[in-house]
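Listed next as structure tokens is one chain, alone, in the form predicted on its own.
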């Protein structure tokens, strides 16, 4: 098997799906690759092994378990993903191009959205999802949210909902130069939720590094190719974004963030209910 029979799953998705199958040393290699994706896998076998503190044969077994016949095949697949990470609208298919099938381009676009949601939820690790919910449900921990050029609307959406059910929630806004004024106050109790999809923003990655360096817990909502923020993130949830269009779609990521919101709300419902009642009381006045 050369990796071509694994569908359109990214290597990161395959790792998350198969993590339970790896030996303890292979899991070390898996975690290092996910934390430095895809850079670690583009290094030589010896360099990757040294970075993961495992042997070179362990790296080769890890790659084989992912379905690749050789390390060069594995690296070739990573390079193809790297090309997709940087794709601009100029390099993507136009809406309605190619075989649209029954229903035409509109139906094809609909099917792409539905597939994105289905595949996103199929590959969300339950333990990772629960860990994110637990963090956001902890009223003792301040939560700060931010997104990129297109994804900040999702950060604002989640901020507005979380503010209804719990205190201590803020949306990081304004110019990047102003973010440092907020980041200087981050500490071990803070949670920073970041949304970032291809083409990833360097300024968000720098903020993630600052936040993690000050002890804050970084949660990343990203696409299947993983934003560079992943190297600073404690928890990562990824969503499918590719559709038959020159633009990426945020539909699956919105659905995933709303699933997080629903779970957080239920986790803290007794307190959230009282808070909503108080808010409604203020509204009536």
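Numbering follows the first chain given and starts at 1. Everything numeric here is computed off the predicted structure, so don't read it as measured data. So that the term is clear: the rigid core is the largest set of C-alpha atoms that superpose within 1.5 Å between two forms.
As for the form predicted in complex with the DNA, it is not shown, yet the points below apply to it.
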Though the DNA is not shown, can you say which of 66, 54, 237, 230 has a heavy atom within 4.5 Å of it in the predicted bound form? 54
Residue (of 224, 249, 58, 217) lying close to the DNA in the predicted bound form, criterion heavy atoms within 4.5 Å: 58
For the chain seen here without its partner, which of 69-77, 179-187, 154-162, 137-145 has a heavy atom within 4.5 Å of the DNA in the predicted bound form? 69-77
For residue 23, is any heavy atom within 4.5 Å of the DNA in the predicted bound form, or not? yes
Close approach of residue 45 to the DNA in the predicted bound form, 4.5 Å, heavy atom: yes
Core-aligned C-alpha movement of residue 73 between this form and the one not shown, 2 Å or more: yes
Could you check whether the CA atom of residue 217 moves 2 Å or more between this form and the one not shown, using the rigid core for the fit? no
If we fit on the core, is the Cα of residue 49 displaced 2 Å or more between this form and the one not shown? yes
